[in-house]
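In the form predicted alone, a lone chain appears below as structure tokens.
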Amino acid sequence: MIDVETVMPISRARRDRLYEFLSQRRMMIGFTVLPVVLLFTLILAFPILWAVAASFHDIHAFDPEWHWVGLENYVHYLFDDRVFWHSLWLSASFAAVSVAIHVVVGTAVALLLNHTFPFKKFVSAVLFLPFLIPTAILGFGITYMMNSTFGIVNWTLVDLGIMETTRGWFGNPDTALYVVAAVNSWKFYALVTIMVYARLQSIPSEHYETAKIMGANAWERFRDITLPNLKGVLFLVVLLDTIWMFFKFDIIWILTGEGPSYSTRISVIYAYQVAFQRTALGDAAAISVLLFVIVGAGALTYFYVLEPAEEVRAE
């Protein structure tokens, strides 16, 4: 027969040794960090490394062979392809317009929601509604709403006397990009609102009460209390929003595709066309790497020149 009193101390001793082994700092770091590193490698690092490797080859979707071309793809798009530079300019223009609208409208809405007023919850729900609608559904809905023949936007503006006749909002190559940027801003300004509103909630109310006692008006309270406290979050908002808008694809593609006279063919759409319409995967990879380097260099310059880290502090 098995001696239970002898087995139990041995089992307990093994359990204690296992617990002690797993409690070591190295093991704890390994069990907590290793899964994250593996996940990061699979979903981010590996695709980036694959794209970098592919950018040095001539790859076609229907040809399994990769043909080494070295820096030929980069030289072509940097020095010979004027379409790439035009698409890059369109990306920068779209991002600049979108970010400007986001910051102004998003901050204004956050300041509004920071006050107490009747039906605040209902107003908040209405203001955040565009952000909650899926981009594809919103895009197709906007396409019908702004249609030049039967769109409600056109006929409402005509009935109000703002316009004499209807117009094709997405059909004019001079304005298509900016109209798309406005629609995009209507959907995504809520991202700025959320971040700015969170920062506003952390400002002590005593600061405003003291300012009122000292005779400061609303503009002076905003200038001397609100704005200095928002600098840090606004620096980060501008950086992150610029990166997001620079690589925006879905709503532009749904509303206009490459646009009339290629007026909305931003860099990511151009890369998409090179990859899936010309089936030149190596070229598309080179464009993607160039965009990554350009945006990364811009972000580093942004941090070096403006030093936003000095504006961000924990309170």
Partner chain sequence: MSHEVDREGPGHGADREGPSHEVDREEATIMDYRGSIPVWRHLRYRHRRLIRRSILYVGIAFVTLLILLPVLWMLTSAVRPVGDVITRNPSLVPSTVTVEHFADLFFDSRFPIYLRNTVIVTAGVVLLSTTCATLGGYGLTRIDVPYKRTFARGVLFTYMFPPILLAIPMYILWSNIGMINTHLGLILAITARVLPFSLWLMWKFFLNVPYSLEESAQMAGATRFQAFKDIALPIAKPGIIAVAILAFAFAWGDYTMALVLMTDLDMFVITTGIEASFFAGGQIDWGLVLAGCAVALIPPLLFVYFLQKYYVHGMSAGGAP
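Positions refer to the first chain, counted from 1. Rigid core here is just the name for the largest C-alpha set that superposes within 1.5 Å across the two forms. Worth saying up front: this structure is predicted, and the values here are computed from it rather than measured.
This protein has a second form, the form predicted together with the partner chain, left out of what is shown; the following refers to that one.
Proximity to the partner chain in the predicted bound form, defined as a heavy atom within 4.5 Å, singles out one entry of M195, V103, L88, V179, which is M195. Using a 4.5 Å heavy atom cutoff, none of V75, V83 and L227 lies near the partner chain in the predicted bound form. For the partner chain in the predicted bound form, the listed stretch (154-162, 75-83, 171-179, 95-103) containing residues with heavy atoms inside 4.5 Å is 154-162. In the predicted bound form, K231 stays away from the partner chain, with no heavy atom inside 4.5 Å.
In the predicted bound form, T264 stays away from the partner chain, with no heavy atom inside 4.5 Å. For the chain shown alone, L71 is not a contact residue for the partner chain in the predicted bound form, no non-hydrogen atom being within 4.5 angstroms. Put simply, L291 is close to the partner chain in the predicted bound form: some heavy atom of it is within 4.5 Å. Residues from 189-220 that approach the partner chain in the predicted bound form with a non-hydrogen atom closer than or equal to 4.5 Å are Y189, L191, I194, M195, A198, K212, M214, G215, A216, N217, W219, E220, in the order they occur in the chain. Once you line up the core between this form and the one not shown, the Cα of V33 ends up 2 Å or more from where it was.
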